[in-house]
Every structure is written in C-alpha cells, then in structure tokens.
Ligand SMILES: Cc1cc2nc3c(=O)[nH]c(=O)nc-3n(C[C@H](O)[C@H](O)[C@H](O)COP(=O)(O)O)c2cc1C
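A lone chain, given as structure tokens: the form predicted alone.
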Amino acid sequence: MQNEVYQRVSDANVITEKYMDSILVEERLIDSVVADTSTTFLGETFSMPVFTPAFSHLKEFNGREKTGLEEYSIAAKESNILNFCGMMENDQFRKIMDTGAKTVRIVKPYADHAKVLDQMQFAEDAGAFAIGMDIDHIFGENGRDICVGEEMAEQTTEMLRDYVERTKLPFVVKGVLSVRDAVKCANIGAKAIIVSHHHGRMPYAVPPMMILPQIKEALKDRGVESIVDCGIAGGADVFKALALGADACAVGRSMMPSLEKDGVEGVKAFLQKVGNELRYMMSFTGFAKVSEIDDSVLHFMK
C-alpha cells in the first residue's frame, strides 16, 4: 500500500494534470472575432500549432494494411500539420517519408554512435523537415536505458553540438525540462526544443507548462522555438501552453484511441476537434491570431 501511494503521489503525469487544471482563463468577448489558428514554425506555415507525437513501434491496427505510424503521418499531411516520428530503422522511416508529411525524425541517443550519425544522414537524404534527439531516454533504473534491445548513452554538450554542425536541417532537442538544458540547447545552435518529461519517466518531474515561462524568458531573442507535450488532450490545453509561451504543442496518448479505431480518418477527426477547440478558446479570449496569444488571460488557482 505504501508503495502504491508513493507511485500515485510521485507520478509526474498526475502532477502535470493537476497543474494544468489549476490554470483558469478569463473571457474577453467584446470586439473579438473568429480566430485564425494557422501558425508558422521553423519558417513553414501550418494549419494550427498542434503537431503529432514522436511515436515509435506502432503496429497495424484492426487488420489494416499500414502501420499506425504511417496512418498518423498521412493524417498529419492531410491536416497540414508538422509530423514527428521516433525510434525506428531507416526502412521504416522511408515509409513515413513516402506519405509526403513534413516530418521531424527524433533519433534515440544510441550507445552505437555510428547508428546515430547514420540515421541522421538518412533522414536528411530522405528529405526530412528536421531532425533531433530524444535526450530524456538516456537513463534507466539500472543505469543506461535499454530500449527494444538497444543500449542508450550519455550525451554531452559537445556531442550535441557535433550533431547540429553535421546537418543542414534544423536540429530539435526533445526532453528539455530546465532552464539549464534549454540554454545549453541554444548555445549549441538547436533551432527548437520539446519541453517534456516523456510521460513521466522521472518521478516528481516538474510539469512542462510550469517551467515553460522560465525557459522562454531564458531563450528570449535566441532564435529557439518551443514545443510542449505531456497531457495535451484538447484545444484548451494547447491554448494554455501557447499563452505561457509555447510556439506549438504535441498531442500524444490522447490521439491513440482515434488512431487505433479509425486510422487516418480517426486522427484527422481528432486533430480537427483539437483545432476547433483552440479556435473557440482564442475567439472567447479576444485573440485573433496565434501569435497574439499571451498570459494576460490566465489565472492560477491556489
């Protein structure tokens, strides 16, 4: 029982949900208009600041021909949003690129350094939108993490700088949850970070939205854009993150039921619902454009 209580209290996902629910939003209706959710990220225009998660290892669902990875990538293309994918071999990534989605490949921090470089180069040659690394998958309970039989390795500032300098593509660091790491990412030339605790890999992890304002202030005028994930399930969540300084959000497990049940069309419907709710929140708070959203409408329960 004591262990169960500890797990519940220390669960970063529960902590994050409670924090997000503590943020309230005031209405500003007079002179407001129907909002425009389109946004620009790393120089490209998308229909909304809502991106797919960097999922890995998704199988074919309900006997359908394509894997879940391919299905949500097709949905991303048809919804005109930025697509992300995670751990996979190059032949699988080729299938993602064949969908035509603008895709960011997030490479794991493999102990096999040659594999990191090979996957980065393959992504660039295949026409990826950007590439990045998943730094919050370095450590496991017994030391270095082992993911699907692959050992991970520590990543130094100089290693990350080397990745940035080796590619022509924008480099994204996933798993930033401190001002310290965010500044290091800016110093090595990363163009974007994903503020995330990777679905609560560390107990008592600070909610991404809580640390986000400090990160944004530290990165002011540094040319680094920020994506927030963890617990993003609807347009109201996206709105709060944008108001706190995010440039975009990534949905995650909230997308899975729609993907498993209805594939491409299910994900498209889910994304449309999130986008519609974001527009609704913007219209109710007097923000006509995504770039106008700020924290002046937010109130925090104590």
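Since the structure is predicted, the reported quantities are computational estimates derived from the model, not experimental observations. Note that residue numbering begins at 1 and tracks the sequence as displayed.
There is also a form predicted together with the named molecule; it is not shown, and the following applies to it.
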item	value
Non-hydrogen atom within 4.5 Å of the named molecule in the predicted bound form for each of 54, 196 and 232	yes
Contact flag, residue 76 vs the named molecule in the predicted bound form, heavy atom cut 4.5 Å	no
is_contact(residue 86, the named molecule) in the predicted bound form, heavy atom dist at most 4.5 Å	yes
Residue 104 within 4.5 Å of the named molecule in the predicted bound form, heavy atoms	no
Proximity of residue 273 to the named molecule in the predicted bound form, heavy atoms at 4.5 Å	no
Interface segment, criterion being heavy atoms within 4.5 Å of the named molecule in the predicted bound form, picked from 235-243, 34-42, 249-257, 273-281	249-257
